[in-house]
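Below, in C-alpha cells: the form predicted alone, a single chain.
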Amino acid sequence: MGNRVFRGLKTFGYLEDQDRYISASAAPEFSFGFIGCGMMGQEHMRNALLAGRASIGGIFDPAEKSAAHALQTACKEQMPLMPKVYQSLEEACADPATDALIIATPNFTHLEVMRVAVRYDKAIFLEKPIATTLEDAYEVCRLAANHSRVVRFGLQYRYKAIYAEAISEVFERNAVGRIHSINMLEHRFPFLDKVGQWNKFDAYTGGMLIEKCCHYFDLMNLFAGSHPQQVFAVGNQAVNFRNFTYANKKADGLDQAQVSIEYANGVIGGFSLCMFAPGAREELVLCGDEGRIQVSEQAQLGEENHNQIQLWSGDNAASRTSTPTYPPHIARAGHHGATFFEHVAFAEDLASGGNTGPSLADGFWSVALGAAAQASIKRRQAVDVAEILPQNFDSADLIQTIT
C-alpha cells in the first residue's frame, strides 16, 4: 500500500516502522552496481531508489570527484546503508552481492565495459548509445545476445509521457491507421559540461546524430515498423563551441542538422536538430491513413515544462487534445519521468527473467540510422544503410535468448 509521495517525508520521521502504512517502504528485491557516476549515473541512482525495488550496492568511477559526489548526493537517500566504492571495473562487475550492473560511462567506453561485464552472471543495463560506431554496436549486441541474463539498452524516451501516450495511440488504439510519414524535432540548449568534456568531440561521441539523436531515431524506427533503407542529411557546427578547445583539441560536434529517411517499407521520415535554442522543444508528428498525431514537450530555460498531444481523426472518430504528465516528484527525478518508468520496467524484467525491450535490434538500428546520417553529411550525398553495415552482418545476432 506504501505510496512513493509519502516515503521519506520528514513529516513522518516520528513514526516507528511498525506504525507505517501509507508511508511504508518495501525492502528492495535487488542490489545494483553502478559503473559511471556522472550526471546520468546519478540520475539512474535516484530513480532506482525512487522505484523502490533496488538498492545501490556499489559504485565505480575512475573520476574520484564523480564517485564522491554520488556518495554525497544520489546515495544519501539510502543512508545509513552506504554503498561500496569499488577500486576497479573488474571488482564492480564481480561483486557477488549485486544482481545487476547499470553502465552509464562515456559513449566510447561502452564496448570496453561490456566485454568485462558479460563475464559475470548479472543482468545489465547499458545506456544509450550502445556504442559510437556500427562495428562496436554490432559487437555489443553479439555480447548481449550470448549473455545468460537480461540485457536492457537505455533508450529511455519510449517512457517519456508524450511518447508513451503516442505509442499507446498508435499500437493499442490504432488511432491513425497505417503510418506513412514521421517527423521529429529537437531544438534545445547546448550540451552541458562533462568530465573531460568528451561530449564536445566526435571521436568520443560517435557524432552528434548518434550521441544525441539515437533515442529519437529509435522512436522513428518503432513507429515506421521497419529499418532505415536510405538516409540523406545536412548539418554543421554553426554556433556552439566553435572556439572551444580541451587538451589541445578543438571541439568539432555539429550543432544543427536536417535528416531525411526512407524506410524499407516505404515510410518516410524527417528529423530536425538545433542545439543552440534558448530552451527545449521536442515534437513528433505521425501521419497515417486514418488520422494525425502531434505531440510536443517544451519549456524556455527556467520555466515549467508543457506537454501536449493533439489527435486529428477527421470523420473517422473523435479528435482530442490532452496534456500527458507524470507526478512532479517522478518528473523531477530526471528526463521528465522517463528514467523512473525505465527502472520500473527493468525491475519487472529482473523479476520475470524476460526482456520487455527495447530489444538488441532496437539498440543497433538506432545507432545505424545515426551513423548513416553522419556519413551522409560527410559524403554530401545520400547513403544506403546496407553499405555501411559491418562485414558479415547477420540480423540473427540481434536476438537475445535468455537461459
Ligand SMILES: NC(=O)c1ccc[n+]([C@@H]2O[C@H](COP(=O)([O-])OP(=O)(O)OC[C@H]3O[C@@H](n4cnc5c(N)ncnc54)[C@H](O)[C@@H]3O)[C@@H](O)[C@H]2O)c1
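Everything numeric in this text was worked out from a predicted model, so none of it was measured. In case it trips you up, residue 1 is the first one in the sequence shown, and so on.
As for the form predicted in complex with this ligand, it is not shown, yet the points below apply to it.
Original post:
Looking at the partner-bound form in the predicted bound form, is residue 194 within 4.5 Å of this ligand by any heavy atom?
Top reply: Answer yes; at least one heavy atom of residue 194 falls within 4.5 Å of this ligand in the predicted bound form.
Subject >> Close approach of residue 346 to this ligand in the predicted bound form, 4.5 Å, heavy atom >> reply: Residue 346: no, not in contact with this ligand in the predicted bound form.
Original post:
Is the gap between residue 128 and this ligand in the predicted bound form 4.5 Å or less for some heavy atom pair?
Top reply: Within the cut-off, so yes.
Original post:
Heavy atom to heavy atom, is residue 36 within 4.5 Å of this ligand in the predicted bound form?
Top reply: Output for residue 36 is yes: heavy atoms within 4.5 Å of this ligand.
Original post:
Looking at 149, 110, 200, 152, which has any heavy atom no more than 4.5 Å from this ligand in the predicted bound form?
Top reply: Of the candidates 149, 110, 200, 152, 110 is the one lying within 4.5 Å of this ligand in the predicted bound form.
Subject >> Residue among 100, 104, 219, 273 with a heavy atom within 4.5 Å of this ligand in the predicted bound form >> reply: Checked against the cut-off, the match is 104.
**OP:** Assess the spot marked by 66, 157 and 211: is this ligand within 4.5 Å of a heavy atom from every one of these residues in the predicted bound form?
**Re:** Judged in the predicted bound form, 66, 157 and 211 all sit within 4.5 Å of this ligand.
Original post:
Can you pick the stretch from 40-48, 370-378, 24-32, 356-364 whose heavy atoms fall within 4.5 Å of this ligand in the predicted bound form?
Top reply: Selected stretch: 40-48.
Subject >> this ligand in the predicted bound form - contacting residues of 57-88, heavy atom within 4.5 Å >> reply: Heavy-atom contacts to this ligand in the predicted bound form: 60, 61, 62, 63, 66.
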